[in-house]
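We begin with a single chain expressed as structure tokens, specifically the form predicted alone.
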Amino acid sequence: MCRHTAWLGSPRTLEQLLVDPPSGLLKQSWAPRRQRHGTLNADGFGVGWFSEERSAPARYRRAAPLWADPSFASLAGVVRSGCVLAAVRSATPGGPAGEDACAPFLLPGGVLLSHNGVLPVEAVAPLVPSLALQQLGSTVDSAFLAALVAARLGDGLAAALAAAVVAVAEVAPGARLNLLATDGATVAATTWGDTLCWRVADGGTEVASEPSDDGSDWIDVPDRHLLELTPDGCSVVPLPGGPA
């Protein structure tokens, strides 16, 4: 339903991370290579990044396709960050539109979060604290999942993602729940129904729905696993309810 990516490492421009790679997020907005559901990500996009200038991350979100936004093209070469999370959207049919429905969502504590997948709102809504959902400003299905993560952030970023995914899977076994989140110092991600990979690159580490090039150093994350990336390295472990 979407494609997302994150970078943690030495500062890079948004252009270097999202535009320049031959199969980067820009290309994935119209020609994804591993997307299992949908063939086009034209229902909006968003980019979030951290800066030493302030504690809260910056976000740039639009309801238009990434390839059709000249303002983003003009700033991508001059915005530089050591932690970036970006996503392109293929909307769930019947769901809300607009910038508020586009990832990354901003959670308490300056956490950026993206969801690649789909979930039944009617099944998940009883689990979601209403205040957490109101703070996100959207009723798109991904916002319900983001609100569940927000309510669990006291346990740590990776643990919050894992707990939210397991809680939703219990009431909606057919949901697809690939999450990607960062607090500026760490990155966490889940696989639950779609693709994810990662690699150590020059000066940092990339995590993405699919490879941004044909390099042989990309590592696929198995389904129903939790990835946690810190400055000390990357760990990948099974999620509860997933394979042993």
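All residue numbers are counted from 1 along the displayed sequence. As the structure is a prediction and not an experimental result, all values here were calculated from the model.
FYI, the form predicted together with a small molecule isn't displayed, but the following is about it.
Val140 is the sole member of Leu106, Ala158, Val140, Val128 with a non-hydrogen atom lying within 4.5 angstroms of the small molecule in the predicted bound form. Between the small molecule and the residues Leu148, Ala91, Leu153, Val79, the one pair within 4.5 Å by heavy atoms in the predicted bound form involves Ala91. In the predicted bound form, the small molecule stays beyond 4.5 Å of every heavy atom belonging to Val111. By the criterion of a heavy atom within 4.5 Å, Val165 is excluded from the residues contacting the small molecule in the predicted bound form. Although the partner is absent from this view, Val118 contacts the small molecule in the predicted bound form, with a non-hydrogen atom inside 4.5 angstroms. Annotated contact segment (heavy atom within 4.5 Å of the small molecule in the predicted bound form): 82-90, selected among 128-136, 68-76, 82-90, 165-173.
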